[in-house]
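Presented as structure tokens, the chain that follows is alone, the form predicted on its own.
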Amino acid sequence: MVRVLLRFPEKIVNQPIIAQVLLQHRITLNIIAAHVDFHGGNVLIEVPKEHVEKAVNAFKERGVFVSFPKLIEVDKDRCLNCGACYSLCPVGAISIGEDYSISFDKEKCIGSPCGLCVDACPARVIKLTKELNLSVLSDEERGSN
């Protein structure tokens, strides 16, 4: 699954665009997080790798801004294991081990749409990594042959 961030401008936020893409292209997707109001919104989705390119193009054709969220990177050597990030994580991607060390589950992390752990870290060892785009996904990841 590939995480894709959809940004809906105000002029199209009232249209059922996600439903249209699902039905027209028979793509299944998972909505990870969403914040939408009258002024627009962001929806973080997961799309099967083999449907990423088709989904991205379908959303772009309907006026949705599409990007790939930045992921977090942790410098474990400099981490203080203070836990300042732990309680802020809205998706449970950060855990504290029996030895009180901090662990990050990159599969659960929603990355740049959240970023609360990045701001909370007093040692500044949690960073957002470079944003991906379709050109850096391998043919295998995009489902191409």
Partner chain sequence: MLEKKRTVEEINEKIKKGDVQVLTALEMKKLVESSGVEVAFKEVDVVTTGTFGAMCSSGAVINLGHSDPPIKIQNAWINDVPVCHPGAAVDLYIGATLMSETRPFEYGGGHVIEDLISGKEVELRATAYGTDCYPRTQLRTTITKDDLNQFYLINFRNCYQRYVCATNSRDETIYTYMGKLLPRFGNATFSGAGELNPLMNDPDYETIGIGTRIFLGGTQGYVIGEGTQHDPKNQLGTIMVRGDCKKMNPKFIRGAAFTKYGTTLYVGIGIPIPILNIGLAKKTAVRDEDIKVPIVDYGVPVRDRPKLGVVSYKELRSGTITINGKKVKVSPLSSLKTAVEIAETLKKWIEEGLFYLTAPVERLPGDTEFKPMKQREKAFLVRDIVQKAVTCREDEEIKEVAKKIIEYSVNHVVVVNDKGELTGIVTSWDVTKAVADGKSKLSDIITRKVITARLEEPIEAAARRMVQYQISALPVIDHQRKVLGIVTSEDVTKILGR
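Here the structure is a predicted model, which means the values were calculated and not measured. Positions refer to the first chain, counted from 1.
There is also a form predicted in complex with its partner chain; it is not shown, and the following applies to it.
Visitor: Just checking whether K60 would be counted as a contact of its partner chain in the predicted complex - the rule being heavy atoms within 4.5 angstroms.
Guide: No, K60 is distant from the partner.
Visitor: So, in the predicted complex, is K11 in contact with its partner chain at a 4.5 angstroms heavy atom limit?
Guide: Contact check for K11: no, nothing within 4.5 Å of its partner chain in the predicted complex.
Visitor: Can L23 be called a contact residue for its partner chain in the predicted complex at 4.5 Å between heavy atoms?
Guide: L23: no, not in contact with its partner chain in the predicted complex.
Visitor: Does N30 reach its partner chain in the predicted complex if we count a contact as any heavy atom within 4.5 Å?
Guide: No, N30 is distant from the partner.
Visitor: Which of these stretches, 62-70, 76-84, 49-57, 105-113, has heavy atoms within 4.5 Å of its partner chain in the predicted complex?
Guide: Within 4.5 Å of the partner lies stretch 76-84.
Visitor: Just to make sure I understand: among 88-116, which residues lie within 4.5 Å of its partner chain in the predicted complex, judging by heavy atoms?
Guide: L88, C89, G92, I96, D99, Y100, S101, L116, in sequence order.
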